[in-house]
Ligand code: ADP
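This document opens with one chain alone, in structure tokens, the form predicted on its own.
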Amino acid sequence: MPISLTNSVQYLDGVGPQRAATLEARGIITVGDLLSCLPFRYEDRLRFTPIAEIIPGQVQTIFAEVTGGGGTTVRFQRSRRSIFHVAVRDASGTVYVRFFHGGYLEGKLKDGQKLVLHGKVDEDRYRPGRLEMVNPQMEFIGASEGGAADSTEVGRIVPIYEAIGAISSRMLRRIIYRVLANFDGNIPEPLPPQILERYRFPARREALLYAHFPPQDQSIELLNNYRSPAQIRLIFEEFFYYQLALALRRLGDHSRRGIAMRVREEKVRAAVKRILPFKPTTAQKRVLAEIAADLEKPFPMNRLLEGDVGSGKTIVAFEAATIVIENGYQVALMAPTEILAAQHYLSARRIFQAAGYGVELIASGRKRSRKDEALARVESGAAQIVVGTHALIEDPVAFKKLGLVIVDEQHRFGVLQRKRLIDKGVSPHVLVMTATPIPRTLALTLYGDLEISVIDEMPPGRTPIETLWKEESQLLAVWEAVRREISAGRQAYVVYPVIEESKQELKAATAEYERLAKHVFPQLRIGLLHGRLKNDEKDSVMDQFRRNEIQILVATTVIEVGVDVPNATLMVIEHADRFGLAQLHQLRGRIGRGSEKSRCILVARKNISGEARARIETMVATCNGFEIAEQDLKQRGPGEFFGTRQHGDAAFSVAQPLRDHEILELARREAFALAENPQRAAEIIARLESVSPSWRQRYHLASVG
């Protein structure tokens, strides 16, 4: 019986209930979903490289069998890590293979087992002339997974799929191959004919068949760069429908009635100028003009304000708040931590109270009586700018006339949390801020339904932060540098990855605080700050540090955002290799906030490798947040970079915003143009829903509400 797109995967040959449950957990329920699960790489198994012809230092694909001739497979234990060694051969020679954490291979790799190995081949530095592969990608051929080798795995360009749970790439390939062999061929075409013709795209049916099992004459380089005509068409399609959803969301927002603020009145202009403590940068002026233009419109503003740490986002947000307050409305500013909320509250009180505005702080850790008084002032409208944490979205908080919602470090809030705050007003304007610089292509993907403003220059007087990489054996010199900084009247941070000692063998903030206070800096005033302290204790420690009553602050990542002490000019981060790149950049952003030269010292072993080494080298090389964000994205990918749980997953099967930015721009133009014609857009959406009924859920958005 022919297989159609709507068939359940459970009843496919080789699947069954257990594997169907595994696939369903990845959103693969129907045959249509399965065919959208495309290979992430291709191997040319028409022409394997003979071992004798391998050039060391290159990535190779070899077809070989396990041999006992070079020593039977051996498993070593070293520092509780298993290293699995095996020798493989073909008719021309032998290669030795090592798998770290390879204990799972014991008993599986037996003499005569045929393998395809893909990875870099190097000369063994301890045994000249001997070739080795370390942690190559490996696929069993033949008996190990049941059945002999077939045409899906040798003698062709072979698609390599990401394993899904216990379903290996080989299993998935065989399932898809059998589906296509028995497929009824009915794959509706969702893209408009004009687009197919304009870009000479192949039909969807042709593109899918081609992408899963390419013809033998196709360029392997083109396939692995995702630049074959079939792949380009499928990438465009994913971007096109995602951008269409964004465009429709934006049109929907523009149809909502909002609050048109008066911006050009002289009293409003004078109020904005009055709160500025310094001359704004050109970038700050440009961004404020963009925000002011939004506030004048009769529909709600939805704008993302991004800028590097210390670029002056907060003062721009306060200027926008001034416009709203002068129009008779309230402003809510929500921050993810109590330390950051307190910092914003102190800044707002210093700036706004002189102008006669009521400033209030709402945080869960405050005393009941003070909190009740604050809630009453918010509800009456006496509090015109209200700063708080998640406590702002709780039921007791009621605004009299909410006109603007500002969300700082917005990636730390879920969509529903932001919506609950927005719903406390009637279509208020929304400004979300982030100090995590976002490359344009990713911003268009994740925040394409928002207007985007970027502060891309630092305030005058800021000096670049010098970043150094030191080993633990050099700590005596590091502590001497701290003493010199303190003797010059300045302050320092010392950061640790954990609060208390653990099995991870990491230094802990509490223990190191005691040691530093007693044995390293007994004559200096040292404080301790971490997330388990009570709110009053945190406030007290930070207040003492701001007043220079604490000279050295030992802390965890609780200081990552919101701590602004211009006199702090030195930061030491121990176990720096255990922190993420964005986290290191945020921590470093706590210094360099004054006019004095600042230094950040990263303490880590010099023999680290891989991503940890790349992170530290990036930190030493640049202070540019956009460069750091690009590197972070390359290492972690967009989902990890932002946190999929908070942002939603764009659900792309083949498209990658960073790699495919040119196709993204093209798809965005087409989608937004189509959205301007509601009748045509409705026709396209109806056609898409016939192909993918779950498209609305699949392309859910990371919007402000």
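These numbers were taken from a predicted model, which means no experiment stands behind them. Position 1 is the first residue in the sequence shown; the rest follow in order.
There is another form of this protein, the form predicted together with adenosine-5'-diphosphate, and it is not shown here; the text below is about that form.
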{"item": "Contact segment among 531-539, 377-385, 313-321, 599-607, judged by heavy atoms lying within 4.5 Å of adenosine-5'-diphosphate in the model of the complex", "value": "313-321"}
{"item": "adenosine-5'-diphosphate: the contacting residue among Asp90, Asp564, Asp253, Asp577 in the model of the complex [heavy atom, 4.5 Å]", "value": "Asp564"}
{"item": "Listed residue that, although adenosine-5'-diphosphate is not shown, lies within 4.5 Å of it in the model of the complex (heavy atoms), from Arg462, Arg349, His85, His212", "value": "Arg462"}
{"item": "Close approach of Asp308 to adenosine-5'-diphosphate in the model of the complex, 4.5 Å, heavy atom", "value": "yes"}
{"item": "Any non-hydrogen atom of Lys267 within 4.5 angstroms of adenosine-5'-diphosphate in the model of the complex", "value": "no"}
{"item": "Gln284 within 4.5 Å of adenosine-5'-diphosphate in the model of the complex, heavy atoms", "value": "yes"}
{"item": "Interface membership of Lys279, adenosine-5'-diphosphate in the model of the complex, 4.5 Å heavy atom rule", "value": "yes"}
{"item": "Residues within stretch 600-633 having a non-hydrogen atom within 4.5 Å of adenosine-5'-diphosphate in the model of the complex", "value": "none"}
